[in-house]
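Single chain ahead, written as structure tokens, the form predicted on its own.
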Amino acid sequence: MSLQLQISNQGEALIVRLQGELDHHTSELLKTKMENAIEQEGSNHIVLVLQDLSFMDSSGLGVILGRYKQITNKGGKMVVCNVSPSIYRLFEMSGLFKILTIEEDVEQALSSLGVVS
């Protein structure tokens, strides 16, 4: 299975929906598309929607961490939502939840960022 991604904007937030597998085969695509969208759209925040993400390895974690640094350097925040149990465990073990906020769904994520949905 490959990775499908959908990127949209809502106010100052870039909403990134991932479906499939985020691994060393697909991480470069996600990195490039998110970097471009952050710069082109002028987004200050990122909401990652992970309910349909079935697998992620360390290269996927690296892409997420890199975009976290990119958006926080602009003074923004990253929030993840709709996280499946297996991806949740990976985030927990990697320590990403020490720096990322988790919310139940997109509406709550946008609300926590102060973006009107």
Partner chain sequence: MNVNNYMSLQFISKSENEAFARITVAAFVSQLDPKMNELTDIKTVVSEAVTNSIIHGYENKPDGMISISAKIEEDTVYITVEDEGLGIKDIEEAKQPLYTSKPELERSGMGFTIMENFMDKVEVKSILGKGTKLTMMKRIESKKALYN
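What you see is a predicted model, and the numbers here were worked out from it, not measured in a lab. Residue numbers count along the first chain shown, from 1.
Unshown form predicted in complex with its partner chain; subsequent notes refer to it.
Using 4.5 Å between non-hydrogen atoms, is residue 63 touching its partner chain in the predicted bound form?
Residue 63: yes, in contact with its partner chain in the predicted bound form.
Would residue 23 show up as a contact with its partner chain in the predicted bound form if we use heavy atoms at 4.5 Å?
Within the cut-off, so yes.
Please check if residue 57 has a heavy atom lying within 4.5 Å of any heavy atom of its partner chain in the predicted bound form.
Because a heavy atom of residue 57 falls inside 4.5 Å of its partner chain in the predicted bound form, the answer is yes.
Residue 99: heavy atom within 4.5 Å of its partner chain in the predicted bound form?
Output for residue 99 is no: heavy atoms all beyond 4.5 Å of its partner chain.
For the three residues 67, 86 and 89, which mark the spot I'm curious about, does each lie within 4.5 Å of its partner chain in the predicted bound form through at least one heavy atom?
Each of the three qualifies.
Relative to its partner chain in the predicted bound form, which residues of 26-46 have a heavy atom no more than 4.5 Å away?
Result: 31 alone.
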